[in-house]
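Before any questions on how it binds or moves, here is one chain, the form predicted alone, in structure tokens.
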Amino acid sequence: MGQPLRIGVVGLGAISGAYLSTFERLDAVRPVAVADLDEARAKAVAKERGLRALTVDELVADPEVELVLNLTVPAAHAEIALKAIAAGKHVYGEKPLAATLDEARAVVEAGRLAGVRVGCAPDTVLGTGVQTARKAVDDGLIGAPVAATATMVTPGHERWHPDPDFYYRPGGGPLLDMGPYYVTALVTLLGPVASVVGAASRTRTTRTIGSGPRAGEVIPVEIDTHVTGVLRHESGALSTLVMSFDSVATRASNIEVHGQAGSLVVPDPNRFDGEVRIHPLDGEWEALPPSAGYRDAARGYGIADLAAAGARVPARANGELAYHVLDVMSSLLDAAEGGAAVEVASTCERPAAVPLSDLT
């Protein structure tokens, strides 16, 4: 193995700790610097992790940094990514790739023109959960895939999040917040999406913060908070998607895939592992042992996969996939608003399968 990919982290919110902890056990990547708008936070994280604390501009320009890990809020994703690309850095960001489709397109195109790699979460699909389900599909265990369902319901993030405002503003909502996990899993399982139909609603015009120093504060709801749609994959399979901040609970599986010869229950796409269950046509439900994916994967494996792939092999959690997923979600919101089917303009390569393996 060559030298580890040197990473600079921009944005030190809660998720940054998960990435930094993962990096400590991977040889393919090495964090070297951190930056945050809160200088004190950057210095504290740098001291704890043995890294350098820099300003954002200093980190982007730093010659030691080869890849900028962008963990800022979605509204800043494109700005930071474009700065990093202009400085000749590879970039990898938290989902979504950008706040708008136009911004996301600019990031992907800038990366292509600059000859740098663009990656994006979620990388949960690289773990044994979704990958074992994918292998079952690819091996024909359920026959030709016909349909899938994907369901995520919660009464709303304001119940636990101390600053939930952005979930209820344009760019937020259940689809853009949690949809990347589910749609990325569906594309991994069944391939890219050709068109969508949908509908959306909201039950309340305000929400009340339930925890933290702002508990009891009322915030406005500016977007739809329940979105449902049907995705027509290029393969012909149909996926039904339900994403809601308005429902209390569900007993539905996170994802199910149905074929002519069997059905699969796929674990939570917001996790890397989990039990895959199959029901053959002439059988009963049974668990499938892990047969594909990175064992013990965690946040940051998408970057290590990118580093291990090398310059000539497409990384699995790549910018083109993230752009297509954002295009699917944006098209679904357009379909819900317009009341008609919308063709998804983009497509992508279905990412390569991950053999059962350890990533070091």
Ligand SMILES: NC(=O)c1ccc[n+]([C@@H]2O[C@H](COP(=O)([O-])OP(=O)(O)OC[C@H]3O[C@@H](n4cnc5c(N)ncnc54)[C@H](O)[C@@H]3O)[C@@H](O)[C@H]2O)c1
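Quick note: we count residues from 1 along the sequence shown, nothing fancier. Whichever C-alpha set is largest while still superposing within 1.5 Å between the two forms counts as the rigid core. Everything numeric here is computed off the predicted structure, so don't read it as measured data.
FYI, the form predicted in complex with this ligand isn't displayed, but the following is about it.
Trainee: Look up in the predicted bound form whether Glu103 has a non-hydrogen atom within 4.5 angstroms of this ligand, and give yes or no.
Mentor: Contact check for Glu103: no, nothing within 4.5 Å of this ligand in the predicted bound form.
Trainee: So in the predicted bound form, does Ile15 come within 4.5 Å of this ligand, heavy atom to heavy atom?
Mentor: The answer is yes: Ile15 has a heavy atom within 4.5 Å of this ligand.
Trainee: Considering only heavy atoms, tell me if Pro74 and this ligand come within 4.5 Å of each other in the predicted bound form.
Mentor: Judged by the heavy-atom cut-off of 4.5 Å, Pro74 is in contact with this ligand in the predicted bound form.
Trainee: Report yes if any heavy atom of Tyr168 sits within 4.5 Å of a heavy atom of this ligand in the predicted bound form; otherwise report no.
Mentor: No - in the predicted bound form, heavy atoms of Tyr168 and this ligand never come within 4.5 Å of each other.
Trainee: Here the chain is shown alone; which of Arg271, Arg277, His161, Arg232 has a heavy atom within 4.5 Å of this ligand in the predicted bound form?
Mentor: Going through each option in turn, the one that passes is His161.
Trainee: Identify which of Ala309, Ala61, Leu37, Ala44 has a heavy atom within 4.5 Å of this ligand in the predicted bound form; exactly one of them does.
Mentor: None of the other options qualify; the answer is Leu37.
Trainee: Has each of Val56, Lys95 and Arg299 got a heavy atom lying within 4.5 angstroms of this ligand in the predicted bound form?
Mentor: Yes, because Val56, Lys95 and Arg299 each have a heavy atom that approaches this ligand to within 4.5 Å in the predicted bound form.
Trainee: Want to guess which of 175-183, 141-149, 125-133, 254-262 is within 4.5 Å of this ligand in the predicted bound form, heavy atoms only?
Mentor: Looking at the other structure, the answer is 175-183.
Trainee: Could you pull out the residues of 260-290 that have any heavy atom within 4.5 Å of this ligand in the predicted bound form?
Mentor: None of them.
Trainee: Is Pro162 one of the residues whose C-alpha moves 2 Å or more between the shown form and the other one after the core fit?
Mentor: It does shift by 2 Å or more.
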